[in-house]
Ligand SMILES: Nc1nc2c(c(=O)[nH]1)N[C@H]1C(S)=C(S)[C@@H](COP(=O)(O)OP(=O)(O)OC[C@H]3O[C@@H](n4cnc5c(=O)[nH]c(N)nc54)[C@H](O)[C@@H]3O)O[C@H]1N2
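One chain follows as structure tokens, the form predicted alone.
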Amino acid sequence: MSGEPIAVIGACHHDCPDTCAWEVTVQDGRAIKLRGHDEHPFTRGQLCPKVNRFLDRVYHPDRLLYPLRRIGPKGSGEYEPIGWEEAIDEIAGRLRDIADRDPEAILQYSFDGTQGSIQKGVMADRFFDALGASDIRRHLCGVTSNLGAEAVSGSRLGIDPEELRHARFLILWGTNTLLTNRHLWPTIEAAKTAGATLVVIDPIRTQTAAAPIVDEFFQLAPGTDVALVLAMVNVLDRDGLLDREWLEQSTADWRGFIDAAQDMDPQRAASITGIAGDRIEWLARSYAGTKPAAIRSLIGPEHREHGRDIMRAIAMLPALTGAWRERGGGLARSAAIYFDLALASGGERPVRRSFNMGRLGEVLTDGAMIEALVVHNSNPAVITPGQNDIIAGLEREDLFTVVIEQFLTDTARYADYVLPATTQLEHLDLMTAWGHLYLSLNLPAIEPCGETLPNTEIFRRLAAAMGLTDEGLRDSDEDLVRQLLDSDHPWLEGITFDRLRAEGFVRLGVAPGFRPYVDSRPPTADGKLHLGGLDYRPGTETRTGNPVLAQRYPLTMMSRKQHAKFLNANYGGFENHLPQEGEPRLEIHEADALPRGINDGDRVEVRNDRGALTLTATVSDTAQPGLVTIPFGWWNRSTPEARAVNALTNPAVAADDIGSSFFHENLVEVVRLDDR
């Protein structure tokens, strides 16, 4: 006789702004239903397509349920089952041998396979800190835009995204809200209903740009955002639309910003951005003349050589017009900083040798540098640029590789040991968000399938097997949650483990209408927003920045998120999360397709000096002339070359090795296969 079904509250773990609250129905120990939690004020009972069928993933026949040890060549995916005790002992022995010689020859690699504060890496970091191993700097995305904003305000703090409902002029700058931040869309619609003008700025005619409620779409040339901002500043200064009182009281070196814009009149900017001068003038005047005015921007514009300049330029605009003064005005970025400020940090970690994660291919192909690689919460063979070098590194027989995973991903196929991890339904975690201010507790709804273990438990067992006795390596997952919540920050007042366990989610104690940099001073030395000089500079691998290379590769290529049922490499290999075509497609504008003899559905080769991919072409007007796009997140096995878009993308990083790779600055050529 079946038992009564029970409901367990949790939250989605995906690398997505929305962190949806969900409810799992469990009967006789098996999850039978997953749905959005109706009472969550932001996500409102709705899940997205990549999560609606999450139970298929939990119970998928290909899921890894037992530890595996490699028996075939690297990359073959040939493994034999092995017991946990044996696996832990053998891995610990290999790591111990390497650590005794040189602990920095061990490298962990992880990113946002889960956004959970606990399973993402608290115990892993403690383990590798204790070893003295090398680390990666998780700069794949977000850091560049943070640096641009921090250069202005000394902080990443922006307005609460839900405050955008009060804006009356709203710019969505380089963010595809309708697709990638869908639960914010009702807030955008509320602003529109109340009379807001809605503007989208993007190189691609995204789903958001094509939405019926959008008033104006500015399809600027890729990477020319700084030129657009400078032209807007030129108009604001010329037409007397600056808030000089605010500038004098609350900013430093604002005249340097104005001076930098003098040579970028709308006509010059039109020749750079592809946006007509009169439209630039309308944008500047409307932005300054409508109160409150807000900009929503996330990480889209940052993946460029001068991405910091772009984000700094966008962050300086609200200061010129005093947009921060009004409720709903200013700049809305990632809300993660609210949680970073509120939650206990756990103290300073020891300094270890570290590498920018975008340089993994370079690091792994230098055989003398890294002898052991431990991967968790990531699929670097797919998500990281420089893909060919990464795979060459993973193929090294002298590289001892351990991958903690739920499925045999492209990266896991090169591992010496694959350790099976629990899913979000099977472990405890504390869930922050970067799209809203609600903190959630994810309770385990079912017992772990097979012999899967949480990431935290795997590292606890490795630490014990290696004889590591550092404080904190034996803390339980509940201990870790309670430690993070043990904060005296006022935003966390009254939010406890027990309250979260009872209620599921609680909003941080941020006052409604809180205005960063008005209700609190910027954390700069002088308490002011710092403006200053700014130049438009084309990237090294762009048609303007490298006309010689552009003669061979005349098209710009960008990788972009899906309009299908998955958004990242976590789901790239499963039939339930793939478009019907079963492969990534190249999107190309008719103006570029016609002279190359390319028709919709043709097989084409897209290539540059880094690699080549065979794909099917889609001729459309979403990409502008001169720009082609390829979706990211597909597993390498989706193409004949067993490679994905990151075989083509630019792995270069800034000279100071800080920030993301220049993903979106790539020159390529596309040819019909019959014409090669």
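One rule holds for the numbers: they count along the sequence shown, beginning at 1. What you are looking at is a predicted structure, and each value in this text was computed from that prediction instead of being measured.
Although it is not shown, the form predicted in complex with the named molecule is what the next lines describe.
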- F632, heavy atom within 4.5 angstroms of the named molecule in the predicted complex: yes
- Is there a heavy atom of R168 lying 4.5 Å or less from a heavy atom of the named molecule in the predicted complex? no
- W434, heavy atom within 4.5 angstroms of the named molecule in the predicted complex: yes
- Mark V653 yes when one of its heavy atoms lies within 4.5 Å of a heavy atom of the named molecule in the predicted complex, and no otherwise. no
- Note on the structure: Counting only non-hydrogen atoms, the one stretch of 172-180, 239-247, 78-86, 253-261 within 4.5 angstroms of the named molecule in the predicted complex is 172-180
- Message: Residues H37, E163 and S440 are flagged as a possible site; in the predicted complex, is every one of them within 4.5 Å of the named molecule by some non-hydrogen atom?
- Response: no
- Name the residue from T273, T556, T409, T144 that puts a heavy atom within 4.5 Å of the named molecule in the predicted complex. T409
- Note that the named molecule is not shown here; using its position in the predicted complex, name the residues of 219-235 with a heavy atom within 4.5 Å of it, in sequence order. L220, P222, G223, D225
